[in-house]
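The form predicted on its own is given below as one chain in structure tokens.
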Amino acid sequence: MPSSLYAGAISGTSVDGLDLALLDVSGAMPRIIDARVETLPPSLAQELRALAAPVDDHLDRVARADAELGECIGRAVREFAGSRAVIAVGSHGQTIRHDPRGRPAYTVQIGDPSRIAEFSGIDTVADFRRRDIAAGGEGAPLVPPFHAALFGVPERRRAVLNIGGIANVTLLGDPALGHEAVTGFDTGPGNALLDAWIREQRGEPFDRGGAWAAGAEAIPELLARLEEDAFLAERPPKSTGKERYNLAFILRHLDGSEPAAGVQATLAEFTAASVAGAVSSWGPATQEVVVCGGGRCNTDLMERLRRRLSPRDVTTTDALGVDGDAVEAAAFAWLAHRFLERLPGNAPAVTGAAGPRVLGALYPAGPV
């Protein structure tokens, strides 16, 4: 019997691990059958965070990180797949630059797909974003069509919110309309500002459960300054990244008198406010918000979202039986499947591309 399994891999903007997912496409709806989060080698994670910072980089640093991450993904996928017959790996890689408004527009993901194919022994599909940008799109977000395939229901107006380093939302309409019913865009920061501030102030990679933010009061004056950020008022299609939402962004808005914990609480409130504002502005009929990604584990942030999004229901994909850590990786497994079937992977209504495009490039495992 032919295999119907695809593996997906992504190192997200939080750089907190390598997400792996195994997707079965044999049924009417795609189904995630296995998932895992692999810890990146600390030295590699540190280098990836440094490369994502908005400074000039040496080409040899990028090339070495590209090769190392490719080998890391390849070995992780090989061990994860085991004896299962996987048709192809869909690898997103690690975004280190994303400027869809540049002249020319560009996006850069590293994680050498040739090495993924070599070390995993599995055909690899990668480089998903650049074709959409070449067609005039933002190149992001790419997950909304997969969200529609996985979570679209006719009886409920549902939004799917992914909280990684950057937050993106998918607004689902009538699933009978297919991609035409899907809209989505980046709302602004997810974990990026929270992680940057606690790393700077306490040397910790993230605020576990949002405990630090929960123990302080948000600073109204600081929140008001943050909410003036021009990206929040832009109309979709739109996308952003850590080039914008980083430690420097926080420091520009401080006057130096703010308590550190109060800043953390304000950043959490700003993240929740930017998400709620986006849903209210562009999906006012939304009845339910389903959250995936690492941010769903931040209890304080989830409570702020519930307050801001009320009376809408706010839940997680886990409550619907789908591992919230696996959704984004599974989306790139799905995109690999779309590529091999020569089906479009983008939704022009989401990215602003000139039309549907087959996304990605194939790196055969060999030997031929």
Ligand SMILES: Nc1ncnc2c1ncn2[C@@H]1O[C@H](COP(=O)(O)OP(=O)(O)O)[C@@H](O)[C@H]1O
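Model, not experiment: these values are computed from the prediction. Numbering starts at 1 and follows the sequence shown.
One more form of this protein, predicted in complex with this ligand, exists but is not displayed; see below.
Partner contacts here mean any heavy atom within 4.5 Å of this ligand in the predicted bound form, and among 75-83, 159-167, 116-124, 282-290 they occur only in 159-167. Checking L172, I133, I110, C297 for any heavy atom within 4.5 Å of this ligand in the predicted bound form turns up a single hit: C297. Contact annotation: E269 falls outside 4.5 Å of this ligand in the predicted bound form, judged by heavy atom distances. Although the partner is absent here, F231 is not a contact residue: none of its heavy atoms lies within 4.5 angstroms of this ligand in the predicted bound form.
Using a 4.5 angstroms limit between non-hydrogen atoms, G209 touches this ligand in the predicted bound form. Mapping the unseen interface onto this chain, D186 falls outside it, with no heavy atom inside 4.5 Å of this ligand in the predicted bound form. Contacts with this ligand in the predicted bound form, taken as any heavy atom within 4.5 Å, map within 327-360 to E328 alone.
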